[in-house]
Structure formats: structure tokens, C-alpha cells
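One chain comes next, on its own, written as C-alpha cells: the form predicted on its own.
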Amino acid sequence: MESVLRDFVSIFPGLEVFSHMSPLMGFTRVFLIVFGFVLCYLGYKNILEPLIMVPMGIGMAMVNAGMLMMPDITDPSRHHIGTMFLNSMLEKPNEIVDAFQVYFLQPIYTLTFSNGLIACLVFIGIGSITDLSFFIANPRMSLLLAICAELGSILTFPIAMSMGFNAKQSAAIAIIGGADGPMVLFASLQLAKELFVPISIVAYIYLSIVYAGYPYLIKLLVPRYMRGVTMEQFSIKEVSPFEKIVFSFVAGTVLCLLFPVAAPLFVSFFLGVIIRESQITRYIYITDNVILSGATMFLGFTLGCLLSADIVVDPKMFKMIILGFIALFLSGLGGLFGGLIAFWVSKGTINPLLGIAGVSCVPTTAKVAHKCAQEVNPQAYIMMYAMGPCIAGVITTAIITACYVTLIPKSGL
């Protein structure tokens, strides 16, 4: 009977692989298949960010279902448990070229992920849908709120070091607190390439959870009457498209000059903004509907396909899950305290929810602030105000990333 069952299972390589795995790996594999379905469902229901969670959930479930015994690229006589999706551990050029013939996602990962191009493509798209009006009209307030919302990006660094990570790894993990997915990709590739996969996956899962979790933090810390402030008395200077173009050109050039290590991100973001304000119709269609949508889909799907069982059972993964939560919690906390200070200093004309928008998950945190204000007072249209600190958060996170990437290798830590 056992031999018949064994012969039957051998017909299906995906099932047979279970016999070559430890019980922990087997359980983790099944868990990730189920978890992938849950993420996909929550994205479908718009409970989590669907643009990321639906492709990530699909990739996560099916990469763990599609495991099989594969010959080693370097030594065909040896076999290992793998998939036909991609191999993120290859470094030698000849191995990568050979992998192009085997793994269907390998070209996308090698040519867009491992060099940070995917982050730049997303930034071009984000820039093309971003209106700088409120930020340019009120840069001081926007930047101050964004700085407060970087609390997690700063304090998580020493916490991560105390948990056994080195300085480069700690800095890459701390950038999760900036809530800027492309920036996390860029920082981890520059500082801790060996942790790129788990850091990126933890970051994007948490960034989607932010949409569902931050409203509870807001209700806990901000009184109801403050959440409903309409900001009608807060004057906004009108900013012309030409002013936005000039600002983008000057700001992008200065930031690239001061922080050249993050120049690819700065130039990508401001290129998108200038395309938007120049009203170049053909480019606007491409940046929004092709570049941003395509990059986001492949970003979520590839990250999901990278999350195989062997990544999850790594003890460092549990620590990063904790640190990712700490980073985003501290940033949300710092942003809201900054918003409360702005409310008191302005004598009640600034809605304190603008502080949470300083956590630069563009435009998600701005939407969270607006939605929470609308729940209390339908007349509180604060979306355009919230975009100011949200955009400022992109800039402050990029500056902190550049500082980490530039200073830490020189520190000898």
C-alpha cells in the first residue's frame, strides 16, 4: 500500500518534494500558500492595498506550491529544492546568464530589481501623479511634519543593532519607517543586499497594512473634535505649473548635488512631476498607465515569488517582522505628535491628521488622513493639504537614506 501511495505521489513532483523537506519547511510552505490567498483576498476586498497585495499574494501562494527538485546550475549532478520562478542568490555573470534560460522571472529580477531600476520606475510614476502645490506653498510646515514622521527611520536603527544586526543591515531595516517602498528597495540593495528579499517583503506587507492600521492609532491619540478641523481658515497660495516646474528642476538638482548616492531616486521623482506639469500628454499616459502600473504589478508579483519557505524559516525574518512594526509605529507616532503640535501652534487651524501624512507612503497616508477626517466631519476636505507633508516625507526619507548609505560605510561600524 505504501509503495502504491509513493508511486502515486511521485507522479506529482510538487507533492513529492514534501518528502525531501523537514516538517518545519513543509508546514511553512503550506502556511505561505494559505497566507498568499489571504493577502490576495484582502487586496481584492480593498482592506489592504490591492495594487501590491493581489499580485504579491498570487506570487507567494504559487511559488510555494510550485517547488520541485532541480539540478544545480553550477553542477547538474547535484539537486536542490527550488522553483522555476527565479534565483535571487546568483552573483557570477555566467550563472546569471544561464539562469535566464531556466527561470522565467530572472531577467526581470536581474535587470530591474538587483540594480534598483524598479524603484526608479515607481518613482517616475509617483511623480507623475503628484501635485506639489501645497508643499511649495507651505514648505516649512510640510517639512517639519515630515521630519517628525521620520521618528521610526531614526530610532529603529539603534534598536536593530541591539537585536544583533550590523550597522548597514540596521540602517536598511530602519528605512522601513519612512514608509516609502522604493526607498526601502534602494536602501537594502545599497546597504544589505543579503537581506534585500526579507526586508523588501516585510516592508511592502507592512505598507499595505498601514492603510488598515493607522486609523486605529489616529483614533487612539487624536481627539474627535481635532480630527474634524476643516482648515478653511488656512490660506493657500496658488502655485502655477511653471513655478512647480522651476521648483522641481532646482530642488532636484540641489538634492542630487548634496546627496548624489540617492540621485537616481530624486531625478526619477522630479522627472515625473515635470512631465505632469508640462502637460506632455503622451508621456503622462505612459508614466501613469504603463510605467507606474506595470512596475507596481511586477514589483508585487516578484516580491511574492521571492517569499519561499526557506526565507521565512530564517531566524532573522522574525526579528525583521518585529522591527518593521516598530519602525512604522514610531513614525506614525512621531507624525501625529508633530500634527498635534501644529494644531496648537496654529491655534486650531491646522488639522493634526496632516502629521500622519508625513509618513511618506504616497498617496496612501494622505488618503488615510483625509478618510479619518471625513468620518468625523464630511466637510473636512484635507486631501490637498495632506499631500504637502506626504511629498515632504519622500524628500526627508530620501535624505536619511542618502545619509545612511554615505556615512555608515565610512564609520567602520
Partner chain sequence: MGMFIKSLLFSLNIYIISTFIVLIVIGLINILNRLIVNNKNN
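Positions refer to the first chain, counted from 1. The structure presented is a predicted model; accordingly, all values stated were derived computationally and were not measured.
As for the form predicted in complex with its partner chain, it is not shown, yet the points below apply to it.
Across the options 134-142, 111-119, 321-329, 290-298, residues that bring heavy atoms within 4.5 Å of its partner chain in the model of the complex belong to 134-142. Here is the short version: of Glu243, Asp314, Glu95, Glu194, the single residue with a heavy atom within 4.5 Å of its partner chain in the model of the complex is Glu243. Here is the short version: of Ile280, Ala212, Met161, Ile236, the single residue with a heavy atom within 4.5 Å of its partner chain in the model of the complex is Met161. Its partner chain in the model of the complex comes within 4.5 Å of a heavy atom belonging to Phe259. The shortest heavy atom separation between Val102 and its partner chain in the model of the complex exceeds 4.5 Å. Of the heavy atoms in Leu220, none are within 4.5 Å of its partner chain in the model of the complex. For Met89, no non-hydrogen atom is located within 4.5 Å of its partner chain in the model of the complex, even though that partner is not displayed. Contacts to its partner chain in the model of the complex (heavy atom within 4.5 Å) from stretch 295-325: none.
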